Structures are given as structure tokens and as C-alpha cells.
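Just the one chain here, the form predicted on its own, laid out as C-alpha cells.
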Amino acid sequence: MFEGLKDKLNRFSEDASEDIEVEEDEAAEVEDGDGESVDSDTEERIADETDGDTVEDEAVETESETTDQAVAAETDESTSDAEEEPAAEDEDDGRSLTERAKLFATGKTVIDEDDLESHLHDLEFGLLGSDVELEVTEEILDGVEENLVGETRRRLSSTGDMVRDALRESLYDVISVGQFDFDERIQEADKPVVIIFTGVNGVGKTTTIAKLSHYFEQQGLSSVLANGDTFRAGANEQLEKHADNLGTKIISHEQGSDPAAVIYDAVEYAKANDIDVVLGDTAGRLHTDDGLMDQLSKIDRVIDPDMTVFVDESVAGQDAVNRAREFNNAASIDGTILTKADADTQGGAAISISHVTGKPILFLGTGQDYDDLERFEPEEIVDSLLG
């Protein structure tokens, strides 16, 4: 799942870490232990940076000394003067090599923007190539840059961990938008809980409803299915087959009936029989189908569902993201379920939908069996993406 995206994210972490390791190596050479004298190449670079200031003058004097005592004294004096006077700025990030050396010695390191620029550019193309929405891609890049550039951060066990941690935080920020504890909300809500499912045709909406019925049964909750898809021929037969397999009650009317009436009857049945959850199917539609969108509005008025869930295919990528945005604008959704996530190598929809709708992804469909429905846990998803 999302293998292509995983490769691109980990390639960024590895490549960026290599440049950061070079930066740390330079700082280590400047420090060269606990205040000991620096090597001649690094000493010459420090002298060049300060453009003839006190550090350069004293470096020249140090070279002319012939005794170990004079060398030690001159080095101490150079260190003292460097602390008293502002160090000359390096062209990259405004910090001299000596300042970087001090940061390194105290267990900190500094990431230069120039170190990351080309890598961020590659990451941008990688994310866009994985169908991550443009706005979300920019958010991720900004997050990585904010976490690394110009900041002093306590070094982790390796520089690779540092870059990975910054990327992890940025990814988590964009996919955890609107998250809530789905199980807790269902358990604590007044019964019956009414959940309406919407989306376009052919994305696995009806099968997802059956999977959720099975999921609730495992949680100790009973459910009833309502066939509100009275528009499509064969929809009732499909849902009835799932109900038979699961041993679950289904409420349906003849084709062409009012979907709101079907779901209303299912709610009344649930109340009369102490059923915990009503799962209402609706006809597949586009947000531009005015008549079908009016049906959703009527269901909202008549039923006042506890939750409206948008269902689409993870493999649809950018199309799924656009549809989620449009459905949310036309008839506000409470969350998304993505089907066929097991067949999705890109992961763009999973990364983008929460951010563009402001509503969470609730579940991922990962196969054809009723058990193939996984809770969408942002932290676990990010850890999986970054290995």
C-alpha cells in the first residue's frame, strides 16, 4: 500500500540527510574536540571568513609562535575574542563556522536552506507525481522547511532521524485534520446512530456499508441496513446479498421510492427493536446532479443523520480529492472512507483529502472480505510511509 509514495519520501530523507551530515562534519572539524586547536585547513577558512578581523590577526600570530605554551595561550585568546565579538556570518545561513562548531559541541546542529533546496524540489515533484494535491504538497514542504531550516534542534541518534522526524511531523499535520475517535463517538451517541453514505457510482460504497455492519458487530453493536439507493436497478439485490451473508436486517422499498422514506422506516425499525446503528445507502451521484443532491438535502431534513460519510476509491487519486472537496461543499460530510487502498501505490488521496475538506479519513478498505476494513490512524499511517 502506497509503495511509490514510500519510496519517494524515504529517498528525500536519505538524500537530505547526506548533505546535513557534511554540515556536521565541517562543524566537528572546527571544534576538533574540547576546545583544542583546529586543523590548518579549517583555521585558514575561519581566517578568510572574518575578513581580517581579530580572529585572522591572531591566527597569523599563532603561526609565528614556536613554543607549545605560546600556541595554547594564543588559541585561548582567540576563543575569548571570538566570544566577545560577533562572529562573521557565513554566506549560507548567517552563522560562522566557529558558531556552528559551538552548536555541534553542545549537541545541536543547524540546517542550511541551501542544503535542502534541491531536495525539497525533488520532494515536491515526488509528491505531485503521487497525486498529492498541490496545496497539500506546498503545506508539507513548508512544514519540513519550518522544522529544519535555521532552527537549532537537539540532535537525535543520527541526522537521518532528524530529517525523518521533520517530515513525519509535517505529514502528520496534513493528514490528521479533523480527527476524532470514531468508536467513542458511536458508543456514546444516543441510539440508534444514523450514518448516511454518499459518493459516486462504482467506488465500493455498498460493500463498505456491509463491512461497517460487520465491524460494528465485532464492537458489540447491532445494525440495520437501509437501501436508500432506489434509483439504480439491482442496488437492492446487491445490499440484500450482503445482509444475508451477515445475518443482518435490511429495509427496502421498490425502485423509484423516496430514499428519505426508506431510511426513515429503517430508523423506526431500529428504535422498535433496540438496534444500535442504521446504515443508509444512497444512490451514486455527482455533485452536479441537482436532483440527487436534493435527495440528500431531504434526507438531512427528515432524518437528521448523526454522520454523513463520503466514500471513494483511494486509487482515484486526485479525482477522489476533487470529488471529496465538491461533495463537502455541496452537502457537508463528516468524514471519508477510501476503498481499494491495498491497490493504491500513490497514496495521494489518503494524504490530501483530510486537508482539503477539513474532515477526517475514517477507514481504509484493504480487500474484498468483510474484515478488510482498517481504521485510519494518522500516526500509524505516517510511520508506515516512513518505514
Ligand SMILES: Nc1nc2c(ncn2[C@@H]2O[C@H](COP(=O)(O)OP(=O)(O)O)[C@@H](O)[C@H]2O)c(=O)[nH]1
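Don't overthink the numbering: it's just position in the shown sequence, from 1. It should be emphasised that the depicted structure is a prediction, and the values quoted were computed from it without experimental measurement.
Unshown form predicted together with this ligand; subsequent notes refer to it.
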Proximity of residue 336 to this ligand in the model of the complex, heavy atoms at 4.5 Å: no
Contact of residue 365 with this ligand in the model of the complex (heavy atom, 4.5 Å): yes
4.5 Å heavy atom contact, residue 325 and this ligand in the model of the complex: no
Contact flag, residue 200 vs this ligand in the model of the complex, heavy atom cut 4.5 Å: yes
Contact test, all of 8, 17 and 164, partner this ligand in the model of the complex, heavy atom 4.5 Å: no
Heavy atom within 4.5 Å of this ligand in the model of the complex - residue from 248, 137, 230, 207: 207
Sole residue of 238, 257, 187, 176 within 4.5 Å of this ligand in the model of the complex, by heavy atom: 238
Proximity to this ligand in the model of the complex (heavy atom, within 4.5 Å), stretch among 207 to 215, 263 to 271, 121 to 129, 249 to 257: 207 to 215
Residues of 340 to 354 having any heavy atom within 4.5 Å of this ligand in the model of the complex, listed in sequence order: 340, 342
